[in-house]
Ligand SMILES: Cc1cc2nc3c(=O)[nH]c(=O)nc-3n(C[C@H](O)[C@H](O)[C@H](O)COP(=O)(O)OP(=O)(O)OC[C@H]3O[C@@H](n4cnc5c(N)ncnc54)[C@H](O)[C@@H]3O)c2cc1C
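Here we start with a single chain on its own, the form predicted alone, put down as structure tokens.
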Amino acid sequence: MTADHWNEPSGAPETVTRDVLIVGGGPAGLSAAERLAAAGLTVTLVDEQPELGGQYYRRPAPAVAERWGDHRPEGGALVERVRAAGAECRTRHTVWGVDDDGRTLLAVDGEGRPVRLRGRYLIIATGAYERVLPFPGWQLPGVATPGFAQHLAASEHTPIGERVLVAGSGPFLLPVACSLVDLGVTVVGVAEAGTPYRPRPAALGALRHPARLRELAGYVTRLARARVPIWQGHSVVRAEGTDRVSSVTVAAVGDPAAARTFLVDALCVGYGFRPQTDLARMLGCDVRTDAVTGDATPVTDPRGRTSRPGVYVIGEAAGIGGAPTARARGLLAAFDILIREGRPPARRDLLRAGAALRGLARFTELTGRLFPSPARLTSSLVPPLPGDTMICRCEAVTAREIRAVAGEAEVPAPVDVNAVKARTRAGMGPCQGRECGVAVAALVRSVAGRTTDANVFPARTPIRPIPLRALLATETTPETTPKTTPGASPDALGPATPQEERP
């Protein structure tokens, strides 16, 4: 929570009731909103950003769009269709919790005013976080994620630095490096922790996806023309500098002795993405630990249905698959709701969407075979970190402090991430462990004789920082603005399940 203007009155919170409430204005949420609103249901789409589009369809600043154009014009066209269909779009609205009834979402608008959000159906399309793993020096200014560099390039046409090294793992690294090259940046190299681009039998499956092969070939060709090397099987060992990063050391994975150091003024490191599941977990939806990624992932069917009746989780929040998969998931969730409302879509549209999702799932499986497992990367890169490596950047907690608590004999077993959080404050900062939680769990697991089933910190209210006045105002009598279709069926949301994670 933030204490800014805490004593200024916020007034009674507004309560918004619609047929469908969608949280997240990226490809999945937009695709669902377009179909549902076009079918005549009342739809409210909320997003914390100033503009719809999410990270993938992020809108460029007006001056940038006028001079440089839109890097993904199909995103702008989709946003326009959603608005034209009649969906209410509330940007600058941050959902920060779930009310005691287990179904009303608590939010604040851009002015810090509280808003209660309800829908007969609730669609969670909150997207993903970038997966970051700590290393010595990652807290230095100038160290960022590839997604942040891409955001600066796409929306601001601003390079993150003049001499940049891109590292981590995943197919996202190459387009980011290309975007930097296009801005005139000297990209000293791309360090990919896996070996996805080496010829091998598993890569033959890519022949079934010629469009993706052409895209990959385009990135590789552009980087080759710019003389940007791609080091496969390499990761960042450390970053150094005084007031900001000035050098980066890269070594072969598992062989730190074979290291090379490069002078840079910016470093972009990321290991793909992981689902943003805080809200789904707070709503009591069942989650499972993905064996490949190690992530807590909501249990859903192909339509996005969760264990909670009337609650859908779609897009990257349901599992990482890329923007095309997110759009397909959004479409199938919308079709399922329309069927339940007695407004079924054309059979050909339903079959086409299902076939598209199955085809995209095959490509996602192929990608998973070519790139290293995030769970394996975490287990191999985090436990060997030096003791003075900063793990929780918000609270300045080191690997040595976490290992000490995890290994204390007097702590009742099993030690888990919650015990470490309570004893060290790791995960108590503004990001609430979204960046360090995976590493903390890996360190706890690496301590001999200690185990933990949890790979992330539990979701806590508020899941986003909010003004204190907004929290106080939620206790006042709400103003209501219900708007549902005439003759609408009763709420589809089932009763809330007991939530151990809710305070």
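Owing to the predicted nature of the structure, the values given are computational and were not obtained by experimental measurement. A residue's number is simply how far along the shown sequence it sits, counting from 1.
The same protein also has a form predicted together with the ligand, omitted here; what follows describes it.
Overlaying the ligand from its position in the model of the complex leaves no ligand atom within 2.4 angstroms of any backbone or C-beta atom here, which marks the pocket as open. Contact check at 4.5 Å (heavy atoms) against the ligand in the model of the complex: none of Pro13, Thr44 and Arg469 pass. Residues placing heavy atoms within 4.5 Å of the ligand in the model of the complex fall in a single listed stretch, namely 129 to 137, out of 129 to 137, 364 to 372, 223 to 231, 337 to 345.
Using a 4.5 angstroms limit between non-hydrogen atoms, Arg464 touches the ligand in the model of the complex.
Though the partner is left out of this view, Ala28 does reach within 4.5 Å of the ligand in the model of the complex, counting heavy atoms only. Taking the partner from the other structure, the ligand in the model of the complex has no heavy atom within 4.5 Å of any heavy atom of Ala333. At a distance threshold of 4.5 angstroms between non-hydrogen atoms, His93 is in contact with the ligand in the model of the complex.
Think of it this way: in the model of the complex, the ligand has a heavy atom of just one of Thr424, Gln150, Thr306, Thr378 within 4.5 Å, and the residue is Gln150. Residues are counted as partner-facing when one of their heavy atoms sits within 4.5 Å of the ligand in the model of the complex; in 66 to 90 only Arg72 qualifies.
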